[in-house]
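Below you'll find only one chain, the form predicted alone, shown as C-alpha cells.
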C-alpha cells in the first residue's frame, strides 16, 4: 500500500468520525461518542503511518529527493489535518467533552478532502531554500500552533451558539442538541487552553522561521507577505491573552476574537500562498 492510498483511508476515517460525532449530538448515546472517539484515534494513528510512509517513499525516488513531507502545499495541508487531531485528542484527555469533536473534526476532514482531490500529490525535490533542517522545526511548530487555534475556533463557535440560546431561554434548562454541549464556562476554558498551547508554538515558529530566513536569504526579516501576516496573527492572539489577563475578557468577546484570529491564520496559511506573491510562493 502506498501513502496516497493510506491517506484516502484516513480521509474516510475522519468522515466516519465526523458523522458519528454529529450523530452523538442528536442521540446523546455514550456508545456513539465512544465509537467516534475510537475512530478518531485509529484515524490519527493511520495518519501518522501515512506521513511516515510518504517520508520513506521520498527516499526511494530517483535522485535522492528524500525529505520530511512538509515541503509543498499538499504535504502541509495533510500535516495540518494531522496536527488538528493531535491537539484535539490531547485536550480531550483533560476535558472529555466529546461534543467538541463535531466542531473540530470537520476541519481535518475538509482539509484532507481538499488535499486528496485538488492538490498535486507528487513528491518533488526540494528547492534550495527548503534544503535545511530549519524547515522541519519551523513547519512543525507553526502547524501545531495553527491546529490549536482551529480547536479554539471550533469551541468558540459552540460557545456563541450556546450563549445565544441561553440568553433567550430566560434561565430555563436547555434541551435538544445544545443540551449536550459543555457549559459556557467549560467552552471558554477550552478556548483559553487551546490558545495558551498555540500562542507559544506560533512564537517559536516565527523565531525558527526568522532563523531559517537568515540561513536561506541572509536576512532575518524581509516583510514578505507571509512574514507580515504571521506577525498579524501573532498580534491578534497576543491581544487575546493581554485582554484576558489585564481586562478579564472572557465569554463572547473572547470567542469572537478567537474566531477572528483563526480567520487571520487561514489567510496567513492559504491566502498568502495562493493569492499573494512573495518568498513563500513556492508553497503552492
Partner chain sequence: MTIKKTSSTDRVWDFFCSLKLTIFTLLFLAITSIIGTIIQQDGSPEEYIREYGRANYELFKKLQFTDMYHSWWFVGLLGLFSVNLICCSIKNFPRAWKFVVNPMLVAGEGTFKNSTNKAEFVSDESLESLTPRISEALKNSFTKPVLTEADGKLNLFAQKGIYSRFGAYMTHLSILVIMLGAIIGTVWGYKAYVNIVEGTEINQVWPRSGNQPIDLGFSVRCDKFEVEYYPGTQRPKEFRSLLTVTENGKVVIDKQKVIVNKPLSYKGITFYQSSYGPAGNGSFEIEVTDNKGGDKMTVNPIQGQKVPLPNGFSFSVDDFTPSYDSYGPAAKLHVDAPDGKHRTPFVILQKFPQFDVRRGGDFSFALKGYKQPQYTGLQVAKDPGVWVVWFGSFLMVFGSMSAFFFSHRRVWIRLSQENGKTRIQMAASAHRNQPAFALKFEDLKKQIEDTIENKA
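Numbering follows the first chain given and starts at 1. These numbers come from a predicted model, not from an experiment.
Although it is not shown, the form predicted together with the partner chain is what the next lines describe.
Let me know the one among 109, 103, 82, 212 whose heavy atoms come within 4.5 Å of the partner chain in the predicted bound form, would you?
-> None of the other options qualify; the answer is 212.
Which listed residue (232, 49, 61, 34) meets the criterion of a heavy atom within 4.5 Å of the partner chain in the predicted bound form?
-> Contact check passes for 232.
Going by a heavy atom distance of 4.5 Å, is residue 38 a contact of the partner chain in the predicted bound form?
-> Contact with the partner chain, no.
Would residue 236 show up as a contact with the partner chain in the predicted bound form if we use heavy atoms at 4.5 Å?
-> Looking in the predicted bound form, residue contacts with the partner chain include residue 236, since a heavy atom lies within 4.5 Å.
Can any non-hydrogen atom of residue 182 be found within 4.5 angstroms of the partner chain in the predicted bound form?
-> No - in the predicted bound form, heavy atoms of residue 182 and the partner chain never come within 4.5 Å of each other.
Partner proximity in the predicted bound form: residue 28 to the partner chain, non-hydrogen atom cutoff 4.5 Å | No, residue 28 stays farther than 4.5 Å from the partner chain in the predicted bound form.
In the predicted bound form, which of 110-118, 139-147, 152-160, 192-200 comes within 4.5 Å of the partner chain (heavy atoms)?
-> Correct option: 192-200.
For 205-226: residues with a non-hydrogen atom within 4.5 angstroms of the partner chain in the predicted bound form?
-> The stretch touches the partner through 207, 210, 211, 212, 214, 215, 216, 217, 218, 219, 220, 223, 225.
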